[in-house]
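Form predicted alone, single chain, as structure tokens, below.
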């Protein structure tokens, strides 16, 4: 089977938007990117990023902050964008995503503010103490088709799992067999199942596509995102990505997730911080 390409992939088709009027876009939220019944927050962020990329004069998302107001559901949606400011190297815009409820009322699902620029025009100077996560080779990591010993495979019961090529570091996958580490870590190799190469837009999905770190803390259930801020640092090289996510503090029923995404050339290409509600139950 031919590998999908940027612009011709399931991800691109499912994040497509149609301009209805200046600043107003129609979209169809695909059921293929759901977790339980809710549409994945990273997929929604990429959808909003595509609309803002059309509305703003600069090509690449650099900083995107989203507040998730209500759970989105598969089906028609509208995105309304506003250009806040345009400059020589960066532009800023806002976007809201709304859906129509069964009683005909309009429900706002998501509100975003974003800064766009040209990642290809950034200087090459890098000064960092950050290092790529230590993850075993891809073939030694665990996917939905894997099983440690004679135990069940890592659960892949959500629709989004079929769209992803996700291989978890066994050290952070104990939760899948009832043995979470309690550290709040999640590490994995990441790609899209159809082979589409990563780009700045798909990185908005990547930061929110792994199982939640709450699972590694021994909790189970839905972990709804309250707020997610993503920084895209550079255009990723082709090839699989490595993602590391950690939670250091759970209190008051909320937890944070700090994510780093590294490309095949060992470049840090995206970072994010998310505030989420902790699951109500545990196991």
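Since we're looking at a predicted model, the values are computed, not measured. Residue numbers count along the first chain shown, from 1.
One more form of this protein exists, namely the form predicted together with a further copy of the same chain; it is left out here, but the text below deals with it.
Q: Within 4.5 Å of a further copy of the same chain in the predicted complex, heavy atoms considered, which of 179, 134, 126, 101?
A: Exactly one residue meets the criterion: 126.
Q: Can you pick out, from 237, 223, 250, 38, the residue that has a heavy atom within 4.5 Å of a further copy of the same chain in the predicted complex?
A: Filtering the options by heavy-atom distance leaves 250.
Q: Name the stretch: of 25-33, 44-52, 237-245, 224-232, exactly one has residues whose heavy atoms fall within 4.5 Å of a further copy of the same chain in the predicted complex.
A: Of the options, only 224-232 has residues within 4.5 Å of the partner.
Q: Run the contact test on 63, 82 and 89 with a 4.5 Å heavy atom cut-off to a further copy of the same chain in the predicted complex and return yes or no.
A: Checked in the predicted complex: all three residues contact a further copy of the same chain.
Q: Against a further copy of the same chain in the predicted complex, would residue 94 count as a contact residue? Criterion: heavy atoms within 4.5 Å.
A: Close contact exists here: in the predicted complex, residue 94 approaches a further copy of the same chain to within 4.5 Å, heavy atoms only.
Q: Report yes if any heavy atom of residue 115 sits within 4.5 Å of a heavy atom of a further copy of the same chain in the predicted complex; otherwise report no.
A: Residue-level check for residue 115: yes, a contact with a further copy of the same chain.
Q: Taking heavy atoms only, is residue 272 within 4.5 angstroms of a further copy of the same chain in the predicted complex?
A: Taking the distances in the predicted complex, the answer for residue 272 is yes, it comes within 4.5 Å of a further copy of the same chain.
Q: With heavy atoms only and a cut-off of 4.5 Å, decide whether residue 196 touches a further copy of the same chain in the predicted complex.
A: Residue-level check for residue 196: no, no contact with a further copy of the same chain.
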